[in-house]
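Coming up is one lone chain in structure tokens, specifically the form predicted alone.
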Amino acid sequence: MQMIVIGAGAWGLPAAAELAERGHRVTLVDRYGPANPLSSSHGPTRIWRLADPDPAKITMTRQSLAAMERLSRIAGEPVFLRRGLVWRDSASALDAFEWALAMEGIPHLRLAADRVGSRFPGLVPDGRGAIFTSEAGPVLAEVSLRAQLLRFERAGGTLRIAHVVDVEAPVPTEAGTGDGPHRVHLAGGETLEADALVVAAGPGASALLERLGLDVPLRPHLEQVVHVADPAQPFDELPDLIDIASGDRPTLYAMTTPGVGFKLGLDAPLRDAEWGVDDDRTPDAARTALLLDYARTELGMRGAEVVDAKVCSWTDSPDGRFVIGTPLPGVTVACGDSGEGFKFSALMGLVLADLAEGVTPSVDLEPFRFDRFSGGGAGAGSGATAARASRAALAAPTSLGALAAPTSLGGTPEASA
């Protein structure tokens, strides 16, 4: 079959690679190209973790681990690392989280407030305890995308760096199938045709789906992360960290980027973004200073300096869960990654390829079904959290207090750069 995949990011590129390896003629179209600084999938690392308040994502993460191990074998190098995760929160919230982990059979260790440093050297006690899980660490995002691009090229796929201005799907017949090809119109007037279409366009998905008559309430954001390094404190073996909001400080997430530094970000966007219009990726100096101060005062990295600061994008769905499905014949959609889609990158390539071929994936997609927002409701399986409140901050803050969000078990965006 002739396939067109729109979006060469964490989900679209693996889907294109898998479809090409299965023998399909695949054209991959992306406005910026794989791993471009303006794309939502650029940057060296993300967090993966089994520990999650959402059971649906725990199940998916288990399957994603197998897919990442498979990709590592194909690539001949690791695409993810196990470093563990320290999740710090209030005692009552940890009680509930620990119960949820036990119900899912996830090995974990409860740490008293004075023992957090036993699993995260340098983490300054603040009176709150933590939970440590070993099944977590950084996804090596750049390595992963490079491996997927190599698969795609070796399988004979065609990459087009072009701006998609319109998409068309054939009108369904009474039999439920479309009559005619799917069309993708590029800036400059060129039109591509295919038997099937995969839309995994990240922040640009909403505009394209509107062209197909599909209304999905997505909202793109811009977010900033920084890498810091302290010559006196090695960082390569540090675990991931999710430090849930406390007092006037919002939730913070951090992870190791091997050979670069320790990456930190706040669960609060710089601002909402209008995709394709707001391409400013200038880091905010105030936020950079806040994250550096956290590293020096809370992580014990007293000699830390900023290695780099980057602004990237991610796209939120109303309930914090992904939006995946085949809403029209021959049209597969995957969007609303809510900032944590990269941990499922290797798995989503298999899932989207199955959907595009009309095969039922091994992953249970019911919690992520496309039509759950019909009628304007939040839909079944809502994963809405207090982290959503912090994401309502639209302007770059000048203090941590301006970003305050209540403590919760909620998922964090976990960095899109």
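It should be emphasised that the depicted structure is a prediction, and the values quoted were computed from it without experimental measurement. Numbers for residues come from their place in the sequence shown, where the first is 1.
FYI, the form predicted together with a small molecule isn't displayed, but the following is about it.
Engineer: Is Ala67 one of the residues lying within 4.5 Å of the small molecule in the predicted complex, judged by heavy atom distances?
Structural biologist: No, Ala67 is distant from the partner.
Engineer: Does the small molecule get within 4.5 angstroms of any non-hydrogen atom of Ala353 in the predicted complex?
Structural biologist: The answer is no: Ala353 has no heavy atom within 4.5 Å of the small molecule.
Engineer: Although the partner isn't part of this model, could you tell me whether Lys343 comes within 4.5 Å of the small molecule in the predicted complex, counting any heavy atom of the residue?
Structural biologist: Yes, contact at 4.5 Å.
Engineer: Would you check, heavy atoms only and a 4.5 Å threshold, whether Gly320 touches the small molecule in the predicted complex?
Structural biologist: Gly320 lies outside the contact set for the small molecule.
Engineer: Given that the small molecule is left out here, which of Phe152, Trp314, Trp87, Phe80 has a heavy atom within 4.5 Å of it in the predicted complex?
Structural biologist: The option sitting close enough to the partner is Trp314.
Engineer: Kindly confirm or deny that Glu18, Leu71 and Gln148 each have some heavy atom within 4.5 angstroms of the small molecule in the predicted complex.
Structural biologist: No, because Glu18, Leu71 and Gln148 lack any heavy atom that approaches the small molecule to within 4.5 Å in the predicted complex.
Engineer: Hey, of 71-79, 223-231, 292-300, 115-123, which bit sits against the small molecule in the predicted complex at 4.5 Å between non-hydrogen atoms?
Structural biologist: Comparing against the small molecule in the predicted complex, the contact stretch is 223-231.
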